[in-house]
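The data below hold one chain only, encoded as structure tokens and taken in the form predicted on its own.
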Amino acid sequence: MPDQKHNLVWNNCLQIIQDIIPPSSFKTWFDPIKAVKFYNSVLTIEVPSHFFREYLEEHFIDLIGKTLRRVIGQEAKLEYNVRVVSNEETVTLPQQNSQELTNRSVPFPNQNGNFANPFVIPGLQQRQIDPQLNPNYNFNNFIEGECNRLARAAGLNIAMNPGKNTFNPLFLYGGSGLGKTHLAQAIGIDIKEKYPEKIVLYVSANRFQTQFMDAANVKNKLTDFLHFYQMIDVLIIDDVHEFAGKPGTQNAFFHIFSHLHNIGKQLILTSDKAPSEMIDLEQRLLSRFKWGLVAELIPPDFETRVSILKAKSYNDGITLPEDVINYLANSITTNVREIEGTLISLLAQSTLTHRKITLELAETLTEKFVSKNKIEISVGKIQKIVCDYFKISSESFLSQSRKREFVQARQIAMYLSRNLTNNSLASIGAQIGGRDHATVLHAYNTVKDLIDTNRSFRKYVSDIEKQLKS
């Protein structure tokens, strides 16, 4: 007799759903569904059409998700087959979150109970602090690769023991769209799941700055502002480079940072630059940013881009052809956000125009969203073209020789690497003969000055840059 466990599980779900929704809705939207498989906590059901599936997702997604977790457990997942004439496609229900992320209510220190929470609209009596976390930015949705392995491993370690580890603060930096915000929030979400009693707060530097300005303009409110942030167990500040040139905000954050660090609370910071490359920030802040771990996120390599495309398309309910995945992974090389945006556009085009996802469709769409001139430029590629241009060997280029032509070539390569790649100064130096970040910064400033004052030198740099972009 064939295994009927899938029917048993689905029937148990239907009994719960039937008691919640009107009989007419149940008859229309749940009677036609058939359970077809149950394995490893994943229930597969069959629905009659794409429209039927979309209606379920729009109107009953929360109910189905909660019912599944009640019947199967928190690890429950749902997949369903959509039958269209003779073709069958397997799609996946959107991400189901196991619990709502909330912080416990906390007592405020003022005797009169009017302590100002900067995340609450004035006049509303509310003492619970919203963690401001996006449940979709979790570790399950964060694809690991060489580009982020160190940072991700540190994040998992922090989540096990927040504030009591060697990675405090954790300073994540890298170019736009490489996953800094996602990883920072994933750590916060993991901490909330492991330690529900801890107060976790994510806030952008821009919002922190706005709150500080509001507090500074009202008598005694600044003290409330500082007290509020000093109560947080895990503070995540996104884009701290935006504090540059704002001494008042930097001073307030310095005191908050110092207090939280001194009492063993966890700090997680993100920036588009490494601390050593940030300008217009106080040295006392920059030195504290380096107390824990400074981890760089770099553009994903080809294998990681393939993994991202497969994971994102699966979560969106689509299995992409292998040739389409490889084409997209080769065409979109700059950051994760652009990969996701192109994939969303591809799925939208397919759905709205009822076209099958093919390599031809992917090529047509990618030409519109990704510049044909957007060619991946690496430090290694810059090094090769510079060596070819000046007719010097790679060995001489990477050597410790101080001959003028070798030094000049290295400095131009460092200058272009900083301008045309997302690598940090330290990473550039490591790839160009093991130099340190100070050497790279000196080279950058030297070349910049020579471009402004030396016509021949300006032509060298311009010629090489054109070759890199051709």
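Everything quoted here is computed from the prediction, not taken from an experiment. The first residue of the shown sequence is 1; numbering continues from there.
FYI, the form predicted together with a small molecule isn't displayed, but the following is about it.
> Pick the stretch from 248-256, 138-146, 286-294, 354-362 whose residues have a heavy atom within 4.5 Å of the small molecule in the model of the complex.
It is 138-146 that comes within 4.5 Å of the partner.
> Is V240 near the small molecule? Define near as a heavy atom within 4.5 Å, in the model of the complex.
Contact with the small molecule, no.
> If we define contact as a non-hydrogen atom of the residue within 4.5 angstroms of the partner, is E79 a contact of the small molecule in the model of the complex?
No, E79 sits far enough from the small molecule in the model of the complex that none of its heavy atoms falls within 4.5 Å.
> Residue-level contact is defined here as any heavy atom of the residue lying within 4.5 Å of the small molecule in the model of the complex; does E340 satisfy this criterion?
Residue-level check for E340: yes, a contact with the small molecule.
> Does any heavy atom of G177 come within 4.5 Å of a heavy atom of the small molecule in the model of the complex?
Output for G177 is yes: heavy atoms within 4.5 Å of the small molecule.
> Only one of S378, T181, N168, S331 comes within 4.5 Å of the small molecule in the model of the complex by heavy atoms, so just point that one out.
So the residue touching the small molecule in the model of the complex, by this definition, is T181.
> Counting any non-hydrogen atom inside 4.5 Å, which residue from L201, L346, L267, I308 sits next to the small molecule in the model of the complex?
After the contact test, the surviving option is I308.
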